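Okay, so here's just one chain, in structure tokens, the form predicted alone.
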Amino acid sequence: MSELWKRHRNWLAPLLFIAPGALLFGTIIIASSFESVWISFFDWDGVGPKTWAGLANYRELFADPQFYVSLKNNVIWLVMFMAAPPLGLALALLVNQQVAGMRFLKSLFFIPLVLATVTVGVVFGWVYDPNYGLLALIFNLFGATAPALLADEHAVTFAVVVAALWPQIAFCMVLFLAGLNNLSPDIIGAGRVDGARGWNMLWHVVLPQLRQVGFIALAVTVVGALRSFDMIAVMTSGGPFGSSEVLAYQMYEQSIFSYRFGYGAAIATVLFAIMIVFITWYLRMMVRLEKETR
């Protein structure tokens, strides 16, 4: 046995370390995903026997107006969340300056990242309160009445996304701070010798070295926008009248409250397909970037 280990330890040792994580990932993520797709072809209440429904759940889903409301809201989340990486980069460049008191400022910007999503949702629920919230106080200073954003079906999704952007920007800021701390001093020095200053230094010297970090920030932001659930559950519960629902929340509502696990699985499958498209594009871009940096 020891002889076998000595001869093959170069690949056996990594395999033993990877095996537990791979087993968990394969069971919890991969197998569960295939099981969800399989359940989407059944009419099932989550407890009793499954009844084969074929594509009936998908036909009903694509004829459901609420599905398109949820899909539109997911697009709104995705578009607005694209502000997180550039704003995170801007904050990272700001707090990375060697100025007195900047460490304290950095900790303030870092606070949203350590707060639970539920906490952020509750806090912004108070902020948006049209009677006693921070927004009401600001409007009262100008003699105006604050709008009830969370009760307005046209504004509620934008209000929730703004709340969710707060910790997302902080997360992107931390990613870019790590990237800024790993910049090559030789390249920076060469840029200064060539006369690069200000915007030219940022655009031609700094940003090219942050491309990989930028792709990670983009990926995390897109996935966060597509799987948005917590803030909606805490702040609006999908209301008013389902106007703030996204696909993840609609899946949860149909499965847990309506006992339609097959229909909920169909929604999950559509959301999974959307994510697969993005993940495929992302992996292709990362492989291309790796080839360019070699």
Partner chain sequence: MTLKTELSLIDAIKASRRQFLIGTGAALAGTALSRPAIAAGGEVTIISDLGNADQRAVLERLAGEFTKKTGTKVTINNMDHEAHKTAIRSYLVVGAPDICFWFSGNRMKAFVDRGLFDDISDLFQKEGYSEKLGVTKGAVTVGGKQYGLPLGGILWGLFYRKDVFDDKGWTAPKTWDDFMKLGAAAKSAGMIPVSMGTKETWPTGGWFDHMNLRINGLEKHMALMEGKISYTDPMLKPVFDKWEELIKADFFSPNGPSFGWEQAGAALAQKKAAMMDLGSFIKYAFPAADQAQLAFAPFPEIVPGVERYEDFSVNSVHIPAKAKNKQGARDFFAYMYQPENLGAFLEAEGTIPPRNDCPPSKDPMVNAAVESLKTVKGTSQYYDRDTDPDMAQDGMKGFQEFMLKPDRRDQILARLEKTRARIFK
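Residue numbers count along the first chain shown, from 1. Note that this is a predicted model, so its numbers are computed, not measured.
The same protein has a further form, the form predicted together with the partner chain, not shown here; the description that follows concerns it.
Undergrad: Looking in the model of the complex, any heavy atom of S40 within 4.5 Å of the partner chain?
TA: Close contact is absent here: in the model of the complex, S40 is far from the partner chain, nothing within 4.5 Å, heavy atoms only.
Undergrad: Does any part of W52 reach within 4.5 Å of the partner chain in the model of the complex? Heavy atoms only, please.
TA: No, W52 is distant from the partner.
Undergrad: Would P130 show up as a contact with the partner chain in the model of the complex if we use heavy atoms at 4.5 Å?
TA: Because a heavy atom of P130 falls inside 4.5 Å of the partner chain in the model of the complex, the answer is yes.
Undergrad: With a 4.5 Å heavy atom cut-off, would you call D230 a contact of the partner chain in the model of the complex?
TA: Taking the distances in the model of the complex, the answer for D230 is no, it never comes within 4.5 Å of the partner chain.
Undergrad: Go through A144, L207, A151, A190 and name the one with a heavy atom inside 4.5 Å of the partner chain in the model of the complex.
TA: Looking at A144, L207, A151, A190 one by one, just A151 meets the 4.5 Å heavy-atom criterion.
Undergrad: Can you tell me which residues in 63 to 81 come within 4.5 angstroms of the partner chain in the model of the complex, by heavy atoms?
TA: Contacting residues: A63, Q66.
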